[in-house]
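Okay, here we've got a single chain as structure tokens, the form predicted alone, with questions on binding and movement later.
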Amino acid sequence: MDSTAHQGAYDRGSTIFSPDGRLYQVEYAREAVDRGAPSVGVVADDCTVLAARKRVRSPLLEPTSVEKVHAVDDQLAIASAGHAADARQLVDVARRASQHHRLRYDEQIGVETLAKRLADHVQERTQNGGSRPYGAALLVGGADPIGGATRPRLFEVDPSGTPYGWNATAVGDGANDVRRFFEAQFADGDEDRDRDRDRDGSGRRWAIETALEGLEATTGDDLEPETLEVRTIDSRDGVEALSSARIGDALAEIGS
């Protein structure tokens, strides 16, 4: 049996391991994510920023109808990359989990808790027959009350159902390039963040501009406000969507 036929025998089911311990359907789901328009997340001292680049494939398409960043609760939002329909279903799962938690405990679900709930749901698709893995990856951002203070947090949920906590990361097309850019930014320490703080001492400006610079690394063209979606999440203002004008101002600051 040649190698192609050998691999094909394990392609037919999402629950069958290959002899070298791989789940091909999960790997294909990751490929679907890598082909999707990118989304990024950045954690500052006092907020989390989620940003995404939308692919507007026709001038007839209304850009606002393409959603990449979704509000889930007062201080929770999700950005996605990969198959839009799969991402929409996972956002619905997140919203229902958030509502159930609030009704039961009279408080917002934690960012890490929600990420793990989503990861559990996604992981079930890798071990149950009759379904395929989700072809989408999520960035779950928000604010968690920890030790008497509110701490911004960011988690990634990948198609295998594994949650990862990050200070900054990206999913989708060009994600590796964006992560290298973020690593360089965070390696510079606090100097850039202190310089780019807003007048009120907030790190929001730095986080927004860093997120947009990360998205800029995924394309050879200039970014356009109409093809971008940016939301900030903090304990004071909750989930706030930036207008095209504010995104344009941020792009002007970074020289895009």
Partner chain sequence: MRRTTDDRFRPGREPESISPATDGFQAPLGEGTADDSSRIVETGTTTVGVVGPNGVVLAADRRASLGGRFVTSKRARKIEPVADRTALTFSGSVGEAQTFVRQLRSERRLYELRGERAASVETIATVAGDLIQQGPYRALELVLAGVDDEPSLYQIGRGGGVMRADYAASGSGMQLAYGNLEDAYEPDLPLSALREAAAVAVHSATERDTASGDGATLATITDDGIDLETFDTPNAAVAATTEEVA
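Numbering follows the first chain given and starts at 1. Please read these numbers as outputs of a predicted model, since none were measured by experiment.
The next section is about a form of this same protein that is not shown, the form predicted together with the partner chain.
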query: Among the candidates Val171, Ala143, Ala168, Val72, the residue which, in the predicted bound form, approaches the partner chain to within 4.5 Å (heavy atoms); finding: Val72
query: The partner chain: the contacting residue among Gln99, Thr162, Ser131, Asn176 in the predicted bound form [heavy atom, 4.5 Å]; finding: Gln99
query: Contact at Asp237, Arg246 and Asp249 by the partner chain in the predicted bound form, all three, heavy atom at most 4.5 Å; finding: no
query: Lys116 within 4.5 Å of the partner chain in the predicted bound form, heavy atoms; finding: no
query: Arg151, heavy atom within 4.5 angstroms of the partner chain in the predicted bound form; finding: no
query: Non-hydrogen atom contact Glu226 with the partner chain in the predicted bound form at 4.5 angstroms; finding: no
query: Non-hydrogen atom contact Arg95 with the partner chain in the predicted bound form at 4.5 angstroms; finding: yes
query: In the predicted bound form, segment of 63 to 71, 50 to 58, 36 to 44, 205 to 213 with a heavy atom within 4.5 Å of the partner chain; finding: 63 to 71
query: Contacts with the partner chain in the predicted bound form - residues in 97 to 111 whose heavy atoms fall within 4.5 Å; finding: Gln99, Arg102, Leu103, Arg104, Asp106
